[in-house]
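Read the single chain below, which is given as structure tokens and is the form predicted alone.
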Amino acid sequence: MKKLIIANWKCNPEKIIEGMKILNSLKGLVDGKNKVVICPPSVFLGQFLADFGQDFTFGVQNCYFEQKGAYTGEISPKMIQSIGAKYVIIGHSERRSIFKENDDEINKKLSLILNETNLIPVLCIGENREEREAEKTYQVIARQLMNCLDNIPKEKLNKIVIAYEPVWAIGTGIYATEDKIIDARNSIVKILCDIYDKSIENKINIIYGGSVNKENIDMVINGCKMDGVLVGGASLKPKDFILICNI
């Protein structure tokens, strides 16, 4: 079964030529047995699709919850689809914490994506350090899933990728241990079965993000049985990302 490996470049690199160098370094060296998605800054996407559209699948890091209108600076799902991208990340913890996005806004984005495009949404959920230390992980991800999936029908759940990203592990170099990842995965499955029913148990796509690197990728995929990974900083280092994909 193919694993999903999503590269989230965030607000990097500074110049498009640097991004093209990264993609050229990856070209032909990433194991084709897996599904690899590159999510660069949106301003680079047109050129990347023109030059590397035959080599990679591309996605974007965010979208708005309206398709058009007087929303300066925003990008709609249909715009993303029209340029040729296939995936869109929503609800990333940096969007939640820095830009104050809430579950209601994320739910609107998810509904719009699923109802009006063929894009695959990657819904990020996860607890922060204080919530983890207070043993509130289950309550946090339950609240996020219930709110973000409000009015999303069961039939569309298999089109969504759930990305479990403990906030305390993102960009810190501290990744969740095997037992914590397994616990979170089991909790997500249970919560979704409670929201819908047990018939969806084998239709859920769950990936892990949070300081994923070449040292822990085997544990995350094979030890924790995750369906893939969302890779941040390591995806900007071609040698490391190639290893992650090929392992």
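One-based numbering along the sequence shown. Note that the coordinates shown come from a computational prediction; the quantities given were computed from them, not determined experimentally.
In what follows, reference is made to the form predicted together with ligand PEP, a form of this protein that is not presented.
(request) Flag K21 as yes or no: does it have a non-hydrogen atom within 4.5 angstroms of any non-hydrogen atom of ligand PEP in the predicted bound form? (result) Taking the distances in the predicted bound form, the answer for K21 is no, it never comes within 4.5 Å of ligand PEP.
(request) Would you check, heavy atoms only and a 4.5 Å threshold, whether G84 touches ligand PEP in the predicted bound form? (result) G84: no contact with ligand PEP in the predicted bound form.
(message) Can you tell me if E165 lies within 4.5 angstroms of ligand PEP in the predicted bound form, counting non-hydrogen atoms only?
(response) Because a heavy atom of E165 falls inside 4.5 Å of ligand PEP in the predicted bound form, the answer is yes.
(request) Using a 4.5 Å heavy atom cut-off, state whether S211 contacts ligand PEP in the predicted bound form. (result) Yes, S211 sits close enough to ligand PEP in the predicted bound form that at least one of its heavy atoms falls within 4.5 Å.
(request) Counting non-hydrogen atoms within 4.5 angstroms of ligand PEP in the predicted bound form, say which of A142, I160, A169, L119 makes the cut. (result) Of the listed residues, the single hit is A169.
(message) Using a 4.5 Å cut-off on any heavy atom, which residues of 8-22 would contact ligand PEP in the predicted bound form?
(response) The stretch 8-22, when checked against ligand PEP in the predicted bound form, contributes N8, K10 at the 4.5 Å heavy-atom cut-off.
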